[in-house]
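Here's a solo chain for you in structure tokens, the form predicted on its own.
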Amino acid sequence: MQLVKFSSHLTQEIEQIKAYNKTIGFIPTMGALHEGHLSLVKAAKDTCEVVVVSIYVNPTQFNKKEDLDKYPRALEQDMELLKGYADIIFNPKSDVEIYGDEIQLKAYDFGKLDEPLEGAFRPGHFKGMANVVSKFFSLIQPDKAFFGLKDYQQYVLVKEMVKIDGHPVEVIGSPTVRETSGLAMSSRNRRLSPKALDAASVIYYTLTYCKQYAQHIPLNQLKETGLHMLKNIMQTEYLEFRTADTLEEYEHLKDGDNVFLSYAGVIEGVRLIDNIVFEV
């Protein structure tokens, strides 16, 4: 396993790999890795000859500086977790390795895909995410890139960005990995107390309840019940039923609908997101 700090060195490594026609699997991360990340790395290891993992806390996708400053960094622990799975870890020495001397972001036209949900609550987040992932794709030239479906809206937008920028990469979504309580694994979970970690399991319980009764209870009533279940535990930002492809909001469900049921909320000052995608 090789740790690379400079984009010029990474380019040299990729050129050698391409010269031998080896397939590259890529997993972009911001570090503070957990079993959810590792599931993506293992998926890449199973299907690609070379696995590249980036560890980079990208400043352009944080709309609050305090969130950027608080984001956990644990490079040594991350490298230990990746042993035996990753071939190259790209941990840029500075932002210059990604953006050059000046950060300039491309404006993407995603239609309305980036407007609701995370787009509404985190202005500029998806613009920064799309730019950094596109830059990684240009540097690494992966054959396959792996994304966790906990960030489902991000997954949809990355696929759209690939179409816009013309990257020859297959974008693969991997299922959310959960704690035994049902709580989605997240680097942010490290900032929660044991009590809050246990309490936050109400998110997944609520999502599964809403899925179970989606065909039997009108959506407005079901949403109201879900919000009541979360009350006094989470500071809810949204709980919404959206179409899984266009992210448009549902008013009524019918057989065959592919539903993206998503949630975001805060506990102990830590913002958590989760979702379930299901067919009616």
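What you are looking at is a predicted structure, and each value in this text was computed from that prediction instead of being measured. We number the residues from 1 along the sequence you see.
Below, we turn to the form predicted in complex with a small molecule, even though it does not appear here.
Which residue, 147, 99, 108, 137, is the contact with the small molecule in the predicted bound form, using a 4.5 Å heavy atom cutoff?
Only one listed residue qualifies here, and that residue is 147.
Under a 4.5 angstroms heavy atom criterion, identify the one residue in 182, 175, 116, 124 near the small molecule in the predicted bound form.
The option sitting close enough to the partner is 175.
My question is simply whether residue 70 lines the interface with the small molecule in the predicted bound form - judged by any non-hydrogen atom within 4.5 Å.
Outside the cut-off, so no.
Though only this chain appears here, would residue 131 touch the small molecule in the predicted bound form if you measure heavy atom gaps against 4.5 Å?
Flag for residue 131 set to no.
Does residue 153 make contact with the small molecule in the predicted bound form, using a 4.5 Å heavy atom cut-off?
Residue-level check for residue 153: no, no contact with the small molecule.
Answer for residue 40 alone: is it within 4.5 Å of the small molecule in the predicted bound form, judged on heavy atom distances?
Answer yes; at least one heavy atom of residue 40 falls within 4.5 Å of the small molecule in the predicted bound form.
From the candidate stretches 235 to 243, 27 to 35, 251 to 259, 213 to 221, select the single one in contact with the small molecule in the predicted bound form, where contact means a heavy atom within 4.5 Å.
Flagged stretch: 27 to 35.
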